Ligand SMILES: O=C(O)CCC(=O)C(=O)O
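Just the one chain here, the form predicted on its own, laid out as structure tokens.
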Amino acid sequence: MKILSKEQQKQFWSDGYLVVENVVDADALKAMQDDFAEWAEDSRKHNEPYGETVDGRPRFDMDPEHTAENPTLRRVSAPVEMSQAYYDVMASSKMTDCVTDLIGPNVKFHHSKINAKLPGGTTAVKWHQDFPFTPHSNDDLITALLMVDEVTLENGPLEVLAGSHTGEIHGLWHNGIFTGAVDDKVAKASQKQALACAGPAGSVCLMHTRLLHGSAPNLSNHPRKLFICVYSAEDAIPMSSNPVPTKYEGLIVSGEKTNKVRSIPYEIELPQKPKTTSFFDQQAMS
């Protein structure tokens, strides 16, 4: 089902991002919020990353300030494996239709996670592009960031540099160290022109994989949870391992499997074993 107008599609390809409201209804949002609340409650019993994903790495991570009295669950990897609500939104919602409008007709799923900034947390995200973390044979990849809570200018919204998706792919290695971020000069220049992506719960920010972005800590008393799904055109083939492995990688969410491969030339430094960042910091949380 077509969701985006021609004007919206044009805006996405011009700016590298687009915010669309009301892609998830109230019932689905409530189910997603309830599931996260259960996970946050369970996190009170833990003081280090816990749970297990398909490759044995932890599923849940907390802010350094996390305590049983004040839980600050900040990340859930592959929630679509544990929650029917999150799976349904990933696979067959208006959000999925929006992605298809942009890179369809044949679209497949790559990975998902929840990045939460709860009151009292200090999590910030350095400026980066997603493509170096998930390089493919072509760059028809979209990161869909669903606002599970209302996102305001105060609770750590995604910040983007409009139009940067048409520029170079910036390295994440500096002085021989993998940092997961662009260099300070690029980050400072991006911050000066940054635009915040805010909206009511149920909105989605569709972001091109090459767009420069980051975000500040949550300075409010209101939570900010983003359900983040990465999709690619069916003819885009992964060139490195999945940073958030899932049993649903490659799931066709629109159209059909053609087994065709489309490539574009580019140069990129692939992330390898980091020297200064944890597994969770590698995941380029937005």
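All figures in this text were calculated on a predicted structure; none of them were measured in a lab. One rule holds for the numbers: they count along the sequence shown, beginning at 1.
Separately, the form predicted in complex with the named molecule exists; it is not shown, and the next lines address it.
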- Partner proximity in the predicted complex: N115 to the named molecule, non-hydrogen atom cutoff 4.5 Å: yes
- Message: Within 4.5 Å, heavy atoms only: does I142 come near the named molecule in the predicted complex?
- Response: no
- Query: So in the predicted complex, does I228 come within 4.5 Å of the named molecule, heavy atom to heavy atom?
  - Reply: yes
- Item | Exercise: L158 in contact with the named molecule in the predicted complex, heavy atom 4.5 Å | yes
- Query: Out of 178 to 186, 122 to 130, 102 to 110, 79 to 87, where are the residues with a heavy atom within 4.5 Å of the named molecule in the predicted complex?
  - Reply: 122 to 130
- Message: With the named molecule taken in the predicted complex, which residues across 196 to 235 come within 4.5 angstroms through any non-hydrogen atom?
- Response: H213, S215, R224, L226, I228
